[in-house]
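Only one chain comes next, encoded as structure tokens, the form predicted alone.
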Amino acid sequence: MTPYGRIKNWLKVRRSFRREARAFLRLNRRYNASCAPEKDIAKLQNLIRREAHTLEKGLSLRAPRHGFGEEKAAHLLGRIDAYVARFGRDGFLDGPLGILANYLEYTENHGIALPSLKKRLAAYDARPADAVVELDAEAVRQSAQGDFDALTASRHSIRYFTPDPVPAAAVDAALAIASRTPSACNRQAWRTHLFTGDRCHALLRWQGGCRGFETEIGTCILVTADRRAFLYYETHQPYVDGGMYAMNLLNALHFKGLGTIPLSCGFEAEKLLGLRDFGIPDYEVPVLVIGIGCMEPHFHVAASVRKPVSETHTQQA
């Protein structure tokens, strides 16, 4: 390419990045759930669902701290109040209200009275829902060996494990299975970084999504995608390819009999700089941290009730 051609191409790429940055800013100002959620039913529903799930997750730990989550429960009730004031009391709220009722029932059963929250919740006539499910590890492993429907139905995010070391052969086999993931033009830009022991705990503390139980997880894999594999008009492709790979790896680890918990890495740029401490270069986009462990004979997981397909699928003409 001539010097003129290189300059022309550089200007073209620069204009594209600026255009994409402006579009990204415009769309996020309008549609991000942090922006005026009280005016948009979809934003408010997603925030309520997210905050209710934080209580579910707390209840699914090995030994939930008695009295945990009071501030989060109060905040969730405030969201629900705002929802009802603007959009009315509808069936969507049954799940979050049921989780709140389950949370209050747990706290009361362990000698923690929250009269203010109880009074506010009573106005909604909420009934406890199953926020936590107990599973049998052997049944989960057998289901993972069935058809694909059984495998995906039996995979859960697990928040505590046995102290046994994770079998390296099972992890290697899962990585080999996940390597078959499709990618844009077969670039296979995913990268995996395995951490154990103190380094694993440090990475989990950096990620921040498992406060209170990071020491339960002795092995984790950070899934990233290499920016250098993609062109100027593919700025979001690392997340697409990396996300597909990460889901395949989760299923493969489950298939090999291991318990997992996916921990997302959708953070701001300043926080992502912290990955330099773990030897991750700036050209790798972090996609997911996967905590891995051996399942206890019996364990609890968050119920995580799924939306009906009718809410997430449309039939186009």
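In this text, residue numbers run from 1 along the sequence as written. Please read all numbers here as calculations on a predicted model, not as lab measurements.
We do not show the form predicted in complex with a small molecule, though everything after this point is about it.
Comment: the small molecule is not present in this chain, but in the predicted bound form one of 143, 157, 235, 192 has a heavy atom within 4.5 Å of it, namely 157.
This chain is drawn without the small molecule; in the predicted bound form, the residue among 87, 206, 213, 239 with a heavy atom within 4.5 Å of it is 213. In the predicted bound form, the small molecule lies farther than 4.5 Å from every heavy atom of residue 285. Among heavy atoms of residue 264, some come within 4.5 Å of the small molecule in the predicted bound form. Although the partner is absent here, residue 53 sits close enough that one of its heavy atoms falls within 4.5 Å of the small molecule in the predicted bound form. The closest heavy atom approach of residue 254 to the small molecule in the predicted bound form falls outside 4.5 Å. The stretch from 64-72, 273-281, 254-262, 28-36 that comes within 4.5 Å of the small molecule in the predicted bound form, counting heavy atoms only, is 254-262.
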